[in-house]
Ligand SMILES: Cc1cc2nc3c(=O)[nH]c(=O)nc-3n(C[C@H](O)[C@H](O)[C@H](O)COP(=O)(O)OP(=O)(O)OC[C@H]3O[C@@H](n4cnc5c(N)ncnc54)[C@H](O)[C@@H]3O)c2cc1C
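To begin, one chain is listed below as structure tokens, in the form predicted alone.
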Amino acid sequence: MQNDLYDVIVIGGGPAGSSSALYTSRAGLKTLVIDKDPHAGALGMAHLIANYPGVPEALSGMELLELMKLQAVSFGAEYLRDKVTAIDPDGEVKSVFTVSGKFFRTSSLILATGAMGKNSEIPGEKRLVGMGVSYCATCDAAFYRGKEVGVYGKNRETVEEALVLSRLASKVIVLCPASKLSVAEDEASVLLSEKNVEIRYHSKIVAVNGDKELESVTLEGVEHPLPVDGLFIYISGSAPVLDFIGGRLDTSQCGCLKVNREFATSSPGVFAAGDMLCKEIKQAVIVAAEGCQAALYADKYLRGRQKPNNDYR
């Protein structure tokens, strides 16, 4: 059991969480980041990042996360590898409980657990994430310029991401597990109008193949595997990671955590940022910026300010 009272506990060590920790610790607030596993987040799974501002050399998502962590730690932030199982967000002092049996107290919380929320159901998928398997064309399309890729799914995200890929890949094969896409006809027609896009219906992937990188996918009822250089999966989408909240904070009808313009949740002193807010555009630079804002508003709350500190230094 931990008796120390933290000023801020950040749940989640991705770009939103580490950015929050950087700003709170630099503001002199005693900060603890609890992260179950940096490899489990969207950025941690990214093979290469080549579009993060101020980082001109391409690096892996894990390398970028480590740089963020080191910068936060340099200002005094503490990091703990553990999984949060429950929180008590009410009152002036909030409580955090972890799977290892630890208990922490804090004056404010910043939630930044992301929106993976997807259980791998295809054999070989998890093993090849970052080595040909991706969940974000906006993030990774540039790595497949002139290559053949598969897009697996039937929803609107499938169509939108396939269009992104069609601008760079030599061929995009949309593998739809149903008899049709779950979008309006005009949206599907836009996809079909792209000359390098092919849609294959009744195409269920039963295996993702490759040793050190993706080589092919096996389709149900098809004898020979389909060779692809990349596979973008949208079969079950993503959901905000909210299991530890236990219904203690307000959510929308679609299950997204509700926040106001100051990134504050329904419980005073509890803030949230990043993909767990059900973002339309998922980019590390965007969620890092939100983490910064959540931290500044948490600082405002803790110090009783009328306005957040907007000092750039």
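The first residue of the shown sequence is 1; numbering continues from there. It should be emphasised that the depicted structure is a prediction, and the values quoted were computed from it without experimental measurement.
Heads up, the form predicted in complex with the named molecule isn't pictured, but that's what we're talking about next.
Inset, instruction - Determine which one of 188-196, 105-113, 207-215, 153-161 lies within 4.5 Å of the named molecule in the predicted complex, judging by heavy atom distances; exactly one does. - result: Correct option: 105-113.
Inset, instruction - Work out which of S267, Q283, T251, S60 lies within 4.5 Å of the named molecule in the predicted complex, going by heavy atoms. - result: Comparing distances to the named molecule in the predicted complex, the residue within 4.5 Å is Q283.
Legend entry - Contact residue in the predicted complex, from K36, K30, K69, R26 (heavy atom within 4.5 Å of the named molecule): Contact check passes for K36.
Inset, instruction - Examine N51 and determine whether its closest non-hydrogen atom to the named molecule in the predicted complex is within 4.5 angstroms. - result: N51: contacts the named molecule in the predicted complex.
Inset, instruction - Mark Y135 yes when one of its heavy atoms lies within 4.5 Å of a heavy atom of the named molecule in the predicted complex, and no otherwise. - result: Residue-level check for Y135: yes, a contact with the named molecule.
Legend entry - Partner proximity in the predicted complex: V287 to the named molecule, non-hydrogen atom cutoff 4.5 Å: So V287 counts as contacting the named molecule.
Legend entry - Contact test in the predicted complex: L43 vs the named molecule, heavy atoms, 4.5 Å: Yes.
Inset, instruction - Within 4.5 Å of the named molecule in the predicted complex, which residues of 65-84 have a heavy atom? Give them in sequence order, or say none. - result: D82, K83, V84, in sequence order.
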